[in-house]
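Okay, so here's just one chain, in structure tokens, the form predicted alone.
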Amino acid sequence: MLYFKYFKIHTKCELEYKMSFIMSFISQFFVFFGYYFTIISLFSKFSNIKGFTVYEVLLTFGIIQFGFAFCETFFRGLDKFDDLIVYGNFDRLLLRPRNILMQAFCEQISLIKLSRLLQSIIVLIITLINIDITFSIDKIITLIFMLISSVLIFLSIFILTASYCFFTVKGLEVRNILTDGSKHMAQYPIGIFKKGFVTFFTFIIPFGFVNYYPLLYLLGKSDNKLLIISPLITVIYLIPSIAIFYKGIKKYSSTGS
């Protein structure tokens, strides 16, 4: 498969300077733990936030960080998509007889970001060991769906911000608002925010179906079994994101060089 061939090439490139890769990997790992300690510090002053305990919030944190880190690692080409437009390299993708979106995925793969993915998995393991959940088949399925939907929601956002570059060339600030901004907000259960935020992150950018509604069932705060499959709504969000990307291609004009 095309993606795995690119993955092998990017791996060889990043490991060309092994010591640099190791140092960058370690630094990324420990720097990103700052977010984890921020939440721990917050709960040193409060026993809960609107009924959510520290480990319940950390569960949300781990799920969101997992999805974001996964996309930053394996779909880094979309996060840096504006470089393709600015330097005219998107023309190369158009000339190749391969799927354009898949080629965009493959343009950059950052193995260093695996440190963030590893960190999120560690946080999830610590949380699941300490949290008060009686696991059953349906709750295991709910957790798996939450992890998958976390990847899908950030993939959708990455595709949307890449599409934005067809119209504006540089999409840095919009990308930061939708990716980093959304990530920092979504690492907490959205139910702790005011109604306007909950509505926006339910119907406009559906983080609520990643980190809140299925979380209520997982924690036993709701018995509604429809919440088990609610994360799959992110699949519906992904479809128009892909459609917008291909519509944006029609607006693309080369640099002329």
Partner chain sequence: MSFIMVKHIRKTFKVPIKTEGIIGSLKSFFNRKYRYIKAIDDISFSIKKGEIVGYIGPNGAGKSTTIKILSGILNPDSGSVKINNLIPNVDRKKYVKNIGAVFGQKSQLWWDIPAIDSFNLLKDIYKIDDNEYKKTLNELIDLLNLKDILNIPVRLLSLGNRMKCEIAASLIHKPQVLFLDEPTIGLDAVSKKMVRDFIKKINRQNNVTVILTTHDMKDIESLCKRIILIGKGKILYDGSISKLKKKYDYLRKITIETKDKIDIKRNYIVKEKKFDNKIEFTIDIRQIEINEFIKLLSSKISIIDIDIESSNIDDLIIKLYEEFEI
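What you see is a predicted model; the values in this text were computed from it and never measured. Residue numbers count along the first chain shown, from 1.
Although not depicted, the form predicted together with its partner chain is the subject of the following passage.
Only one of Ile121, Leu94, Leu128, Ile141 has a non-hydrogen atom within 4.5 angstroms of its partner chain in the predicted bound form; which is it? Checked against the cut-off, the match is Leu94.
Heavy atom within 4.5 Å of its partner chain in the predicted bound form - residue from Ile22, Ile9, Ile236, Ile244: When its partner chain is considered in the predicted bound form, the option within 4.5 Å is Ile9.
Tell me, yes or no, whether Arg98 is in contact with its partner chain in the predicted bound form, where a contact means a heavy atom of each within 4.5 Å. Flag for Arg98 set to yes.
So in the predicted bound form, does Tyr87 come within 4.5 Å of its partner chain, heavy atom to heavy atom? Yes, contact at 4.5 Å.
Going by its partner chain in the predicted bound form, which residues of 1-29 come within 4.5 Å of it through any heavy atom? Contacting residues: Leu2, Lys5, Tyr6, Ile9, His10, Lys12, Cys13, Glu16, Tyr17.
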